[in-house]
Each structure stands twice: as C-alpha cells, then as structure tokens.
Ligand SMILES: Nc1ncnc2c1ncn2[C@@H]1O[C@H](COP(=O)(O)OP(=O)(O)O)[C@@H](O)[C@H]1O
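What follows is a single chain, given as structure tokens, in the form predicted on its own.
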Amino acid sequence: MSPSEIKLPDYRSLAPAVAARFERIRERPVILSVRDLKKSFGANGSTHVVFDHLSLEIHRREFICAVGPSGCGKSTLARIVAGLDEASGGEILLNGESVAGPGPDRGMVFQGYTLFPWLTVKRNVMFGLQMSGKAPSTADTEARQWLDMVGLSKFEESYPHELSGGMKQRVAIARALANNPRILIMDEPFGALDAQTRAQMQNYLLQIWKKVDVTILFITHDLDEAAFLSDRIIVMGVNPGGIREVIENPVPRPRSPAQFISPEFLALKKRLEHHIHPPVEGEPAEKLPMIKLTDAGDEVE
C-alpha cells in the first residue's frame, strides 16, 4: 500500500471550524516562497545533491512542520531559510524580498541550548534587542514582556545553568521572538527533552503562537509532534531529496492529548509512517552479524 492510498478525512467533511480554518489560511498572503531550491555538497565529480527543485509556499501565521528520514535535508532547508547556509540554486523570498543572509525578520531556535551562559535570562533576551539598536531601558522593558509571555518572569535574574531544559528553550523562544521576526524557524527544538517536558513545551509553543503574529517552520523527527502542532506537514524524502507530499492536517484545533487516539490523528500518523517507514516484505535488507559473547544458560527470542 502506498501512502496516497491511506485516505485522510477531507477537511470539508469535518467540523465547520476545521473547514473554516483551512479557508482562512488560504486567504492569507504568502509570506515565504521557496522556488526551485537546490543544495549540494562536494566537488571534483563527487557532488552529493541534498535536494533539487524544491518549491514551497507558506502563508502568514501558518504552522508548518517538516518531517522525513535522516539525510533528507530538513535541517539544511531550515538553515537556508534562516540565511545560515547558502543554496546551490533557486531562491527564497520572504515578503517578496530575496533572502541573502541572516536577518531580524527570521528567528531561529536550535535543538541545543544556545543561550549565553554568562548572561542572565533577561540579558539573554535583551541581547538581540540591543544589537538592533534599542536603548538598554527599552530592551529591558521589552525583554520583561517576553519573559512574562513565556512564563519565566520569576527567573529573569537566573543564569542558564540554573534552569531546566524546557525553561532554557522557553528563554530561547523568547529571545528569538523579541525582534518580532516574520517567521520563526525551529530545528528540532524539543528533541533533547524528556517525553513529559516535550509535551509541556508543545503546549507552551501553541499558546505562544496564538498570541504572536509569526509564521512557524518546525523541523521534527517525531510524527506525533508534527500531527499535534501543524496546520500542514511537509513530507521530505531522500535519495533524491525533495518534497514527497504536503499534507493538510485534519485534526481540529484547539489540540489536546485526547486527540492522539482520534480517527483523524491515527489516519494522519499512519500516512506519515508509510512515507517515513514503508513496510518491508520478508526479511530486513541488512542484519547485524550474530556474534555470541556469552552463554547465559537461557536463550531469548
């Protein structure tokens, strides 16, 4: 069975609120256009093409998740959109203007904790504001507002090493949003967190997104996470890389953990799994060598 044979509910047949949400998204202006993007590495006849002719349009205030197997170029795409890597061909337009490097119109949150360890929580958030030319008093006031939004006002004078992993990422989100970017790029930001904290952070992120005029491009390996967060899901493939499908998420908003067993959620996850982990008939293509190092006296299956 191919992924396309796994039928998803048509959003028009779902609750009126779901249909209305997709119609509203389509009416919003396109904020990010990716046109015939290409990225390759190497030279002298050993070029490796990560992806080629990759095209995509994202509307204002959409929440887009990108999933795919390792090596498909998800993080590379995020870094090119952020201006941290250079494309080998094609172009990216943000609000109709070409992306040629990093800029305050794009914020980035990484999987690793990238806070400055020698600065307090508040001064980490103030850093970008002051770099953009704002006076210390203005940066101080705005940093406090962002910390209040992410629920960390009580920790403004703490240092990163005094925070939990989830709290560090909330500070990173506040710092990325403080410059009012048009798009927030998140490269597996919750990948290093434990399952409980990850679920909390997903809920925090949705709450923050509702309050801020920002579009989110979210890279993840977690299919449950993609189904829980996104408006649309970009499914990328490998060898060759590129977009295999763009799926409209039929799971109604607001989202809750109870929806993890809903028919819409389960159908979406099954379709994603068939893209990422297609079923293999018969024996696996590769098996590990069976080297027995000990005799425990009791065989396991």
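Being a predicted model, the structure only gives us computed values, none of them experimental. Residue positions are given as counts along the sequence shown, with the first one as 1.
Keep in mind the form predicted together with the ligand is missing from the figure; the text below concerns it.
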Of the candidate stretches 252-260, 46-54, 265-273, 22-30, the one with residues having heavy atoms within 4.5 Å of the ligand in the model of the complex is 46-54
Contact residue in the model of the complex, from T76, Q202, T120, T215 (heavy atom within 4.5 Å of the ligand):
T76
Heavy atom within 4.5 Å of the ligand in the model of the complex - residue from L229, A143, I185, C72
C72
Residues in 22-41 with any heavy atom within 4.5 Å of the ligand in the model of the complex:
F41
